[in-house]
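Take a look at this single chain in structure tokens; it is the form predicted alone.
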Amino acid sequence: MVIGLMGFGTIGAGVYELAKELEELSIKYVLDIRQVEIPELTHRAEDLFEDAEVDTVVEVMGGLHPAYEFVSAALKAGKNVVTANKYLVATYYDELLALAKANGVAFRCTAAVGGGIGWLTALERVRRIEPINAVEGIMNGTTNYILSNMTQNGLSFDTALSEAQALGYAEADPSADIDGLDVKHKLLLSANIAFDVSLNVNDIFTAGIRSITDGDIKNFKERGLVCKLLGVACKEEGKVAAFVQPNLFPADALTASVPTNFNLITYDTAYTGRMSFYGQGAGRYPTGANVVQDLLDIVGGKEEFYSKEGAPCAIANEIVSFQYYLRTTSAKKDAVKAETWGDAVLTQKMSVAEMAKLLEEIKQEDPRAFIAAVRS
């Protein structure tokens, strides 16, 4: 396999190093805007698309543009594509899959969800013989690092976020992480593959952790609960729910114990039941290794995507209900209150769709409102 590598940042350098160790893989070009001291460097994207010797393009640039234009050009030029870019694949899911099929090439993105875990290939394997009922999990190491440090070490949100940024877990602008957008994109890929559907990423209800406070953590601890940000999708009687929100678990639950920047992602199937995958959700070598695994799968003859092209499917968040922790200054909380938790309330049981509507209304009065679903 002759490879054109787009991007030589943290992940790109990991892919480069790992691929160099394998005789099946040969990197001919590395596209980067910087003057990186490697012999394969090029500043012309066209080199990767126009060189007939290159059969596979790896995209680890990140972001939407010019990644979208470059990946589209590679597919149209008849190149296999491997990417770690969940934002790109979630945004242009149907279009990229159709381009790969039309041009008879492979398109793989295992590293886009779970970093080094290999989650999408696990879904691909199990779904061959078992209907998948649900997928859920901690899919973002940055938010898990923040919540773990607030809970275990008593750090404030701002201090925990600053530490995450200093360690390279969070970007200078952490919005994609703390507002749940990163998890939303990963959840879309997981749900589409698990259920053979095509969801609209903009329709996934998403509540992040930007507004969580020390007082919230104190409330949770007093009741033996731990807060984690999860993406959840499930299918019941042909309807699919998909949402991202903070959740409260008993302190002895498996999900509650996931430390620092680790991920824990779970599927629930008809025959096997629950199966969880735990590991590093990001990093040069964990993520780079899954990119290289995708390359080796293609070398071994893997041409299909992880699932069939799914039909468009409306999200039905009315099929899933929880009691919610709701902390807000808005009087609207009183209409749904079941009991008082300090300066917050525990709501009556309500569907995710109902909470999404209520939270939208509340945030117009109180932008710092915070919710978390109570899980058993």
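Start at 1 and count along the sequence shown; that's the residue number. It should be emphasised that the depicted structure is a prediction, and the values quoted were computed from it without experimental measurement.
The discussion below concerns the form predicted in complex with a small molecule, not included here.
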Stretch in contact in the predicted complex with the small molecule, which is absent here, among 121-129, 200-208, 94-102, 277-285 (heavy atoms within 4.5 Å): 277-285
The small molecule contact at E222 in the predicted complex, heavy atom, 4.5 Å: no
Proximity of N290 to the small molecule in the predicted complex, heavy atoms at 4.5 Å: no
Exercise: M139 in contact with the small molecule in the predicted complex, heavy atom 4.5 Å: yes
Contact label in the predicted complex: F243 to the small molecule, heavy atom within 4.5 Å: no
Candidate from E171, D214, E236, E303 lying within 4.5 Å of the small molecule in the predicted complex - any heavy atom: E171
One residue of K86, K228, K79, K184 in contact with the small molecule, assessed in the predicted complex (non-hydrogen atom, 4.5 angstroms): K86
